[in-house]
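In structure tokens, one chain follows: the form predicted alone.
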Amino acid sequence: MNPQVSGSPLWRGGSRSLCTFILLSMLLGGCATKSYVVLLPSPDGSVGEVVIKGEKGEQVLNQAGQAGSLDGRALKIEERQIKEDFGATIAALPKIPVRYLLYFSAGTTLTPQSESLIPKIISEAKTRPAVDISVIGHTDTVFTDPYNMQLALKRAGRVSELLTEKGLKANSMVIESHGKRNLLIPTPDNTWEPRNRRVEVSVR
């Protein structure tokens, strides 16, 4: 019987990518009797699920650190061994994107708490070898569509200026306006909602 390894729809966030890389590295690295699969959590702590079917049975891996051989047997693999076998693969994985929400008290004035995030965004960007930034401006539903599109663009522009002034180095920076589309908090028209007055910064 040929061994089978499959993932369930429970994959979430970065765990699918991480597990897929590990499966490939072991499947390509040796024969089925010496290869194994181990389930690791995504950076946010969530864990997916892997089902291994082979001539020795079936194993469902759904907890971080669980492992199984490709012939369907359960295995207990020490953390030291996992690092030795998969350290290079894990280190080579791209970092997952990080998103920041910056809020405005009015117009293009950031709240003090949101302005304090600027150094954190720059620090995160410095951890990536080739960083791409997207800056998307939003408004609440007060005023007209054309007005809000312009206001959201000004907000995104203001944040991009602050990032650049504080020393951000990026391969590319995309600035967009969504106006009052894509509300964080759904509201009717002409509703004052501070959480919708925001800029979303994604670091990739």
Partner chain sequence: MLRIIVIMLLFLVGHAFGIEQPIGHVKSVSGEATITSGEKKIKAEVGSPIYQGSILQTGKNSAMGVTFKDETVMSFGADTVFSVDEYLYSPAQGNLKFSSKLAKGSLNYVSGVIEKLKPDAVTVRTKSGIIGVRGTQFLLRVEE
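Residue numbers count along the first chain shown, from 1. Since the model is a prediction, treat every value here as computed from it, not as a measurement.
The form predicted together with its partner chain is left out here; the points below concern that form.
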### Query
Would you say all of E78, P119 and A152 touch its partner chain in the model of the complex, counting a heavy atom within 4.5 Å as a touch?
no
### Query
Taking 4.5 angstroms as the cut-off for heavy atoms, does L110 touch its partner chain in the model of the complex?
no
### Message
I'd like to know whether R195 contacts its partner chain in the model of the complex, with contact meaning heavy atoms within 4.5 angstroms.
### Response
no
### Query
How about T191: is it within 4.5 Å of its partner chain in the model of the complex, going by heavy atoms?
no
### Task
May I ask you to check whether D132 falls inside a 4.5 Å heavy atom distance of its partner chain in the model of the complex?
yes
### Message
Only counting heavy atoms and a 4.5 Å limit, does any residue of 152-185 reach its partner chain in the model of the complex, and if so which ones?
### Response
L153, L168, K169, A170, N171, S172, M173, V174, I175, E176, S177, H178, R181, N182
